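Just the one chain here, laid out as structure tokens, in the form predicted on its own.
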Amino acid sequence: MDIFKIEKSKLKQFLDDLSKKYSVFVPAKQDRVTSFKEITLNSQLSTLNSYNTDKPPKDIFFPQTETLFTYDENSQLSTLNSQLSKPIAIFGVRPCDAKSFTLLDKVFDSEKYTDTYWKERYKDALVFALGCNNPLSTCFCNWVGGGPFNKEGADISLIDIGEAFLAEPCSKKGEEVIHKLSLQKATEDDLKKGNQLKNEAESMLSKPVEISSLKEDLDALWNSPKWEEIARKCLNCAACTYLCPTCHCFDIQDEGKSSKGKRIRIWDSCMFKLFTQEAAGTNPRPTGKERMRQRIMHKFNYLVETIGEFGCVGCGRCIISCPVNLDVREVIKEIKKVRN
């Protein structure tokens, strides 16, 4: 496929043109926290030059809190269709987060189960993945099959070359959109600069640990005392799961008075004590040891069984956000040591 160029001086016009058909989301900063927000006339794009957003963009398709439907004593009213006036376009999502969409899609839209709320938002979405010119020391996407310029989950792959973004269509949908927007083709010098930035970024990442056998390693460690050791300093605050782009546990509650109410879905976390507590008071995961084991097993064992991939994209948010510096990379190394 041809590679095109979006000049930064014309980026606002590009996004305005895109917004004629799509609800466009871009990185934005609010109250010192970066996340993806729907673009407005006054939106600021300065965070495109920063690192990954603090909050992952999964909540565009899987909101932290959402009303599934409202009801009264006589009828039930779905609110899904009223939420989607146009398909969604995300501009500037990092490759690790673009890949996370594909993992969540395998969970929410499979042969055994389809979440219509997820599917309605994601099926026609357009994803612009912006490569990472300067990966952080906490990034480990290369451990789990990704990379700073990985194209998995992207419709259009972007590279920031200074005064412009190189734009490479990665899907039929992306190719159709790029050609409709009449962009200039990239020059040989542009392509050479893009390749140089790729090579430099890849060299910044630490050497990956071989984890192809991690599922088997975990199979053998169910009753290991290693889990107690790993969980010892964890506070069970759940920052790691709430800021993870692939965690997808949720709770469903009804709220209302008298004959009217609404059913809401909210994010939940396996790191919370109440997550598995039963109505009679029994809890199959009574301590931090069991909850830590569940988190690691889900990411690197159970999802390998169910969707064929690790449930981690190596974004490093859990490492950055942990108040006690519990590094999942070190956890993986410890697990490998026990087997070896």
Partner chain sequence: MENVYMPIPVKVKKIMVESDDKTLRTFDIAFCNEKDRFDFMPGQFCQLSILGKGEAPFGIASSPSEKDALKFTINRVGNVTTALHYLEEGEVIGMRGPLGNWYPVDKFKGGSVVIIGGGFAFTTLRALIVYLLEHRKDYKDITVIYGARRPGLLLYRDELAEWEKRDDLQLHLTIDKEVPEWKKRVGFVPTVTKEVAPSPKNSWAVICGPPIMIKYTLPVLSELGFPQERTYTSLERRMKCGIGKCGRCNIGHKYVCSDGPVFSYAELQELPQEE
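Source: prediction; values computed, not measured. Residue numbers count along the first chain shown, from 1.
There is another form of the same protein, the form predicted in complex with the partner chain; it is not shown, and what comes next is about it.
Only one segment in the set 148 to 156, 246 to 254, 161 to 169, 87 to 95 has residues whose heavy atoms sit within 4.5 Å of the partner chain in the predicted complex; it is 246 to 254. Contact here is defined as any heavy atom lying within 4.5 Å of the partner chain in the predicted complex, and by that definition each of Y117, H298 and E305 is a contact residue. In the predicted complex, the partner chain lies within 4.5 Å of some heavy atom of R263. The closest non-hydrogen atom of K58 lies beyond 4.5 Å of the partner chain in the predicted complex.
The partner chain in the predicted complex is approached by V107, whose closest heavy atom lies within 4.5 angstroms of it. Contact between S182 and the partner chain in the predicted complex is not found at the 4.5 Å heavy atom cutoff.
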